[in-house]
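Just the one chain here, laid out as structure tokens, in the form predicted alone.
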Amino acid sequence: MRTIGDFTEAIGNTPLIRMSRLSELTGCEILGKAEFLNPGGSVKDRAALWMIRDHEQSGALKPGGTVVEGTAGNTGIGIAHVCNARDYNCIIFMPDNQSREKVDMLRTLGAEVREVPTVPYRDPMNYQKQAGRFAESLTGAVWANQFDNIANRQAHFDSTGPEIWQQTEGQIDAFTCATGTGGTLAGVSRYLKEQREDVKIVLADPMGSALYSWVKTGSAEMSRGPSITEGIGNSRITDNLADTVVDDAVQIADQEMVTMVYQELHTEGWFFGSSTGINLCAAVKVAKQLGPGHTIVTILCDSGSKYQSRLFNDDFLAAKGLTPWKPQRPLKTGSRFSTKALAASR
């Protein structure tokens, strides 16, 4: 009998899903790595486990210790789960502009949540910097430091990258995803480039971030924003992202993302969050750049359940000048997807 022994053993080995509507639209195989099926519900479970293991192996984190982190939500949720499984305390510093669902989830998991004013990274009161200082002040505590702890990207070099390579049987032309810490893109890029240098790595960026400019010009200049996305985009190049081979970048506007998320929900039943919407929009753009017959892989980061008060709230969207896509039944008109639905996503 083959069983999984504990929470941490359930992390990873997520399936690769063919995104049927988008594949049909582009003539490419657009495949999504179903990271929402990790036990903590997101791609960040991998980084959480690897960073905690790194602190355990260094001797800095001992039984009964405390893990402190600054996070927009999903990394904190992953850390809280792993802390519960390994009997550590968990303290999360979080900017006060995140969805209520994430805060409530963290507290349900037993984490101590400290919501702090949202300020730029250069400000000493930035949530990440507060987390680092607080960890230093506590006996037996460590700072996970997801942005600059390269155990984050190592998680994806060790697990996500090899899984994608095996699941595609090496038949992959491009990989794209958004980045906040840089861990997923950097780890997967390093692994795939070791297997085949011609696999194209494309960074997907929301508006209000400097990473698109960094890839395109070498200078991290902020684009016009802000974006309603959470946990992606950055004003600086993290240690995880530094020295990563990135071949290209695409920018995705919030309205493109909102339309994508709603179309996937109403035409295929997938309930995704905003980061996944950015990733799927980027995969379509890459597919159109490469032309039909290529295989593009991206990350399905988490479900939409943490974003119902924002992304799936008509009043919130209206206040941001955004419009949710609504289906006009019947959707199906002979082929699997209606001409109208497909045209709306172009």
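In case it trips you up, residue 1 is the first one in the sequence shown, and so on. Note that the coordinates shown come from a computational prediction; the quantities given were computed from them, not determined experimentally.
Below, we turn to the form predicted in complex with a small molecule, even though it does not appear here.
From the list 261-269, 136-144, 160-168, 228-236, the contact stretch for the small molecule in the predicted bound form under a 4.5 Å heavy atom rule is 228-236. Within 4.5 Å of any heavy atom of the small molecule in the predicted bound form lies no heavy atom of M51. Proximity of A283 to the small molecule in the predicted bound form falls outside the 4.5 Å heavy atom cutoff.
Looking at C301, you'd find a heavy atom of it within 4.5 angstroms of the small molecule in the predicted bound form. Looking at S275, you'd find a heavy atom of it within 4.5 angstroms of the small molecule in the predicted bound form. Residue in contact with the small molecule in the predicted bound form (any heavy atom within 4.5 Å), chosen from Q154, T181, S99, S189: T181.
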